[in-house]
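Heads up, the chain below is alone and in the form predicted alone; it's given as structure tokens.
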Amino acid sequence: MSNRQTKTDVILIGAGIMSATLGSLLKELVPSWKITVFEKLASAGEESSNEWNNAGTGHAALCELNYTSEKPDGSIDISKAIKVNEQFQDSMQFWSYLVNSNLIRNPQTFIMPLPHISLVQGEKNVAYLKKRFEAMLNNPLFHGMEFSDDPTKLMEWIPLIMKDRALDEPIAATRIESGTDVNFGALTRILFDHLKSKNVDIKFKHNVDDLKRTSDGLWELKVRNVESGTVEHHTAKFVFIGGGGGSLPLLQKSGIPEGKHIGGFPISGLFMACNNPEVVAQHHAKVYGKAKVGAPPMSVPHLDTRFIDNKKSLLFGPFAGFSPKFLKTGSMFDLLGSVKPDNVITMLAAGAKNLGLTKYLIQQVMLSKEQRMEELREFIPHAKSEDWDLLIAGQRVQVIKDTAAGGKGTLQFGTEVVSSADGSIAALLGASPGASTAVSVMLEVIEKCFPQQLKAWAPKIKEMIPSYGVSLVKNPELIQKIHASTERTLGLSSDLHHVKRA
């Protein structure tokens, strides 16, 4: 056992898309800073960022109906959709900057153009979709969106879904061609290769067991080599906890007051993956439906074309499930271990409030393959069981906290940054839209934790993300400019990549 102490400027915990993004931003802003990354697994992007563990949707709120709620007066609130789309534009601009600066190459290894479609059935849902379309149509962020309730038109857009469908109720869809499929696993690995070339010290198979504040204001981490068992101590001025579901236990160990009264509720996901190339060839879009009544927002059913390992795949899901683990590679005691004296009331209140959700998750776990196929057949009427296999996706840990609006033990759906008052430590909690909004979320970390450097850094941030600090919605010309330049740089022009449909 060694007690070697290593000093560094910045420590990033977890080699996922968040640490990769924060590290890449900081390396551009302060190339001289010494950055060390610790990851308990053998390679980068193996948990939530992995391409098989998330839906790969470039979440730009083009097709996700849970971002556009209907208000009591019947009007559609698109404010969340605007926010998510603007955040995704930050990511697109930063990725383009990295490509244009020759810091990363071959964007098609991680991003592909793919239409985003919302599909609904039933008179009430069709009326809602039409109102949503009208609310979004005049917004420059959603330029190019089309609406149709004509089955012939829908047959052109989504042949696999429309084929042999009994049209006993109204059906409608919106489509926008400028959607994307993003391989966040590949992107994470590309960014870590880039960081390695910039002398960032990346230590795989190293687990952060504990962290504490030293008398001189630094953070000291107790890091264990998973293979040899040796323990090292590393100190840094700034620590970022980006360990997905593993972030909450470390945030609790830090002892910062901002980390108190927060709990986590783990939800696992499953996808059905199509193994028949003939079926895969008939679908070319991400098609999102509406969550069933009583189902949580992250269980919106969708049928997705994916591009993974240079191959076109087709996934349907997600089916939610429950496991007490906080990570796929976590422990069965994660949930129990996260209950502390300061959050026990919050956790109990959440349990009492979310009995319906708990029941739903347990029912989902108990589904047989045939029952899952029945849900898939709502999308593909003649889906054959032998064409589909079950795939276990990543673990998500939803944040539970006391809020003014929801009271004690409110379950939060989204991505959240928790940082100390002095900005020396920050943790990322939560789930979707996560990876898609990584750049704007990491800019939030930089703003919260480095306020004194922000003025000096602003010009460089503007160079990397031209829309930084500007409302895109209020600047339609800037949107057009950004769309044109990111599409060109990332190779997303639809004519460049049009995948011929079978």
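Residue numbers run from 1 along the displayed sequence. Note that the structure is predicted; figures quoted are calculated from it, not measured.
Keep in mind the form predicted together with a small molecule is missing from the figure; the text below concerns it.
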(request) Please name which of the stretches 97-105, 348-356, 395-403, 122-130 has residues with heavy atoms lying within 4.5 Å of the small molecule in the predicted bound form. (result) 395-403
(message) Can you tell me whether Gly246 touches the small molecule? I mean in the predicted bound form, with a 4.5 angstroms heavy atom cut-off.
(response) yes
(message) If we define contact as a non-hydrogen atom of the residue within 4.5 angstroms of the partner, is Leu65 a contact of the small molecule in the predicted bound form?
(response) no
(message) With a cut-off of 4.5 Å between heavy atoms, is His283 one of the residues that contacts the small molecule in the predicted bound form?
(response) no
(request) Flag Ala55 as yes or no: does it have a non-hydrogen atom within 4.5 angstroms of any non-hydrogen atom of the small molecule in the predicted bound form? (result) yes
(request) Counting non-hydrogen atoms within 4.5 angstroms of the small molecule in the predicted bound form, say which of Phe307, Phe316, Phe238, Phe184 makes the cut. (result) Phe184
(message) Within 4.5 Å, heavy atoms only, which of Ala431, Ala172, Leu160, Leu335 is in contact with the small molecule in the predicted bound form?
(response) Ala431
